[in-house]
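Next up, structure tokens for two forms of one chain, structure 1 and then structure 2.
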Structure 1
């Protein structure tokens, strides 16, 4: 009886399904269109205009892009950002891998994993301010220790050559635990029998790391790299609260330049052009990394 009833009700239900489905999808889809799709299209459009927010935008064709190519501040800013990304990603990936492997070999404790993740819970703003204090030239405990070790005090945030590495490392402090846990999850998916076999064959820990862990972890590592590199290029918060681009333009990362152009100089058109340029760079990097990831699905698997 029930079967017959449900069979005859099927076409009805499908029609009902469509109504419910549209109602269910509507809020998410509408918000997606208004706050993601439309702004994206508009951002691209604004990059071809001159727009100061107060009057109508004027179409200026490729002017903004011509200006961008000849803008030394932009190229400087790109250079600073690249330097930041290289230090940030380089140190973070190595450190996260190290922490993940240590956790994997030493302990399953949730407490240890919790501690490692703790900095991720505070904002970049908090992380920036706390390290600004710890590394303060006069009163920072970091510099007290450096002096105690017999070195000269370092103006970590005030010196043009130290500022970017310092900010990069502050952000490593905040994000390394998160990255380590992603890698850790990847490690857990490697079957322990592989290691058992390695041990039976008399392989050392280092040998097993090189010949088992790294090759089997490659897909996870590539994915982690895509996420972290794309995030790293968008650095803003930490710079904004610590150096705000100074000294001179030594820490003027791209997002800071965009913010400055838009909100201090009201050049929304040109700021959008730089945003588009950054987005293109990120897209190219993502596509390249996806390719590499697919090419090296894993050497043993």
Structure 2
């Protein structure tokens, strides 16, 4: 009799646990639906309409996408964004990997990790404004140092050839600590015995890094690259507070162009079409990265 009662109580207990779990998940799920899923679906719908916020949207089919294909400003903004992404991702990944390896091999101090992460705690807007002051052509301490060293002052944010690399490096300074800690966490999953075996075989530090660290770190590096690439394509705030797309659209990244179309020109339909196109591009890039880097498989074990 006791066995029968126990068997019948188990499904009831599981149903009770499920209700409790759903109750905890419900607020987050509600926020996800309201602030992510619904705006995404609404944006996709608006991309097929002509909408200026002052009147009802009018269905236009693929007109916004035809305009996008023939829009020279869109393609110029895409080129500027790609330039930013290449510089930001290249420098940030290499620097973060170097910092993570040094922390892993030399010190695991929480103080050092806190110092490395400190720039990430500064908002993009504040970081942009601070660096705008530091690198100001006339009064910035950065240019004072450059002049003291005997070089000419540089208009870091005012010269078309310097602006995007400068913005990219400012964001590298802010995000490299967070990226390094992600990689550092991956390094801790690698067993020390693997490196001991390498030393016994006479492998140098560089050889162990190339033949042991990088292959075993591939899933983590894949995750880091996916996160940083997607984030880099969405750059907006640093550009907005430093150059606002100037000089001569040299820093007019895609997100800034979308903002200008939507909130300055009230062309919400066309701005939504560009946003949808960017979402599709990022989806393709993410899938390609995942497959090419075999992110779902690890050499550990």
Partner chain sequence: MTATMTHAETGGGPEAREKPDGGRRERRPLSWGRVLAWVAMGVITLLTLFPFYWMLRTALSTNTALAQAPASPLPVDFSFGGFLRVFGLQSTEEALAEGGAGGSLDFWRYLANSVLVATLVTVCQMLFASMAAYAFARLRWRGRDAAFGFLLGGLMIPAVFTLLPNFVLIKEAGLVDSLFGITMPMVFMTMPFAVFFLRQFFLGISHEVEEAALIDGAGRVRVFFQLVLPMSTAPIATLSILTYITAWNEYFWPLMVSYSGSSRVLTVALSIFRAQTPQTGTDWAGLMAATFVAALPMVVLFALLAKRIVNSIGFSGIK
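If you superpose the two forms and keep the largest set of C-alpha atoms that fall within 1.5 Å, you have the rigid core. Numbering follows the first chain given and starts at 1. Since this is a predicted model, take the numbers as computed values, not measurements.
For the form predicted in complex with the partner chain, the corresponding chain is the one labelled structure 1. When two forms of a protein are overlaid on their rigid core, residues whose CA moves 2 Å or more are considered shifted, and residue 21 is one of them between structure 1 and structure 2.
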